[in-house]
Ligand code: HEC
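To begin, one chain is listed below as structure tokens, in the form predicted on its own.
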């Protein structure tokens, strides 16, 4: 009787957790007895100065998508920010740099931030989020026609084109809509 009960419990747990794994690598938060509960994958941006200064030219990327060493290097070289001069006044640069460091992937408890850090070797300092191994892995199955050949997307750095909730820190597969192709689920 005892073995039968243990076996039944084991099968039940395997089915419940196997179902969760079968749902893919999406990172929505799930608990036994609860329905799916959406949570942010990385810390949502909560600094209006960062959004204004950096988001004026490109998406204000979540600090939790790069390690502190990358943000230090990026913020230390704003006079040549990917070919553009993005220099800030010293006070603003100091405040924004501190915000980025305080919320970087290595300072975060958010799930995708931890995955970013696990994917990087200690000597890697990517200056582009698209060069982070975890980010590359998450996009490696998507055909070029949907991203780089898609006039409405153009590159992986245009997160908001497909990740409808990226500005809120959510990169859930349930929130992906590739322009011209619709939802995506690997």
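Numbering follows the first chain given and starts at 1. Here the structure is a predicted model, which means the values were calculated and not measured.
Here the subject shifts to the form predicted together with ligand HEC, a form of this protein not shown in this document.
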> Should the three residues 69, 72 and 105 be counted as contacting ligand HEC in the model of the complex, with contact defined as a heavy atom within 4.5 Å for each?
Replying inline: no
> Taking 4.5 angstroms as the cut-off for heavy atoms, does residue 114 touch ligand HEC in the model of the complex?
Replying inline: no
> Do residue 85 and ligand HEC come within 4.5 Å of each other in the model of the complex, heavy atoms counted?
Replying inline: yes
> Does residue 125 reach ligand HEC in the model of the complex if we count a contact as any heavy atom within 4.5 Å?
Replying inline: no
> Taking the shortest heavy atom distance, is residue 173 within 4.5 Å of ligand HEC in the model of the complex?
Replying inline: yes
>> Can you pick out, from 147, 45, 120, 40, the residue that has a heavy atom within 4.5 Å of ligand HEC in the model of the complex?
In response: 147
> Which residues within 146 to 164 place at least one heavy atom within 4.5 Å of ligand HEC in the model of the complex?
Replying inline: 146, 147, 153, 155, 156, 157, 158, 159, 162, 163
